[in-house]
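The chain below stands alone and is given in structure tokens; this is the form predicted on its own.
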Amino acid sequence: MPNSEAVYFNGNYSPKNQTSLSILDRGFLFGDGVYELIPVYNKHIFYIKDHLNRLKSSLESINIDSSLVDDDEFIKIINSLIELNDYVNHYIYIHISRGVDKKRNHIYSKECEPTILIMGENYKPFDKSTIEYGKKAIIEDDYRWLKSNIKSTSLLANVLIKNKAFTDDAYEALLLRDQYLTEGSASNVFIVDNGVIKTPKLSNKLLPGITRKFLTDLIIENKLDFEECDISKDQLLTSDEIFCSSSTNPVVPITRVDNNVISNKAGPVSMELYNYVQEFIRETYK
């Protein structure tokens, strides 16, 4: 489509800059919806089944029938967008809200038809030279709601925290609830402690990241020592290495947290995992 990328919106393909949303959509009014962000490598969709399974789990958690997500149909739509827009290395954003209601009301109508938007987003991942000396992070209290395992579009707390990090010239904010690490404002967090890779165990307090799962798969496959466990603030700040993981950047070493220097450059385990990630992508998505 000339002059604009194509998006999929409620059954039709249309130019992104001409696609509009009703002001009575509950996603717009209440953040009443869920989403996924899925990498595309060399025109191949990354861990698509896992992403769609999490999407369906999020829908069920907010009382939207997950049967509206047909795996084969969604994969077909995504591949159509890849071809229409000539995406090679890109990201696919899926957004499903409860839909358009008759009026603004906290109590939603059971007659709402979910709004489905699927479109491309272009993020530039860090290259190796950008991460080899690591990034700065800050520590913030985790004041988000207690269902952070749902990939909800209600992201105001995350937005405020992420912008606080940006203002402090930091890549990420590491979140603590009751003095224990949960995750980052837009990432999962790992540490390395005496050669053991550790990450907070899954719960309602953090998102079950697909890239987190991908990294744990690589860690196990390569027989690295690994543990899912509680991580205190003291353990975080005295660890040998810290790194964050997200769909846009699978491994980002953190070498400074507030005024605490973790290391002078990215640690060997972080960079080993970064190399494993790049090798997997290169060999799997030829």
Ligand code: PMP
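In this text, all values refer to a predicted model and were calculated from it rather than measured experimentally. Each residue number is its position in the shown sequence, starting from 1.
As for the form predicted together with the named molecule, it is not shown, yet the points below apply to it.
Participant: For a quick test of understanding: in the predicted bound form, does each of F30, K56 and S154 have a heavy atom within 4.5 Å of the named molecule?
Facilitator: Negative, none of the three is within 4.5 Å.
Participant: Does the named molecule get within 4.5 angstroms of any non-hydrogen atom of S239 in the predicted bound form?
Facilitator: Taking the distances in the predicted bound form, the answer for S239 is no, it never comes within 4.5 Å of the named molecule.
Participant: Though only this chain appears here, would G184 touch the named molecule in the predicted bound form if you measure heavy atom gaps against 4.5 Å?
Facilitator: Within the cut-off, so yes.
Participant: Within 4.5 Å, heavy atoms only: does A173 come near the named molecule in the predicted bound form?
Facilitator: Looking in the predicted bound form, residue contacts with the named molecule do not include A173, since no heavy atom lies within 4.5 Å.
Participant: If we define contact as a non-hydrogen atom of the residue within 4.5 angstroms of the partner, is T216 a contact of the named molecule in the predicted bound form?
Facilitator: Answer no; every heavy atom of T216 is more than 4.5 Å from the named molecule in the predicted bound form.
Participant: Give me the residue from N158, N79, T115, N85 that has a heavy atom within 4.5 Å of the named molecule in the predicted bound form.
Facilitator: Result of the distance check: N158.
Participant: Heavy atom within 4.5 Å of the named molecule in the predicted bound form: which of A137, I210, I131, I92 fits that? Just give me the one.
Facilitator: That would be I210.
Participant: The named molecule isn't shown here, but in the predicted bound form, which of 120 to 128, 105 to 113, 69 to 77, 202 to 210 has heavy atoms within 4.5 Å of it?
Facilitator: Comparing against the named molecule in the predicted bound form, the contact stretch is 202 to 210.
Participant: Suppose contact means any heavy atom within 4.5 Å; which members of 231 to 254 contact the named molecule in the predicted bound form?
Facilitator: If the 4.5 Å heavy-atom criterion is applied to the named molecule in the predicted bound form, 231 to 254 yields S245, S246, S247.
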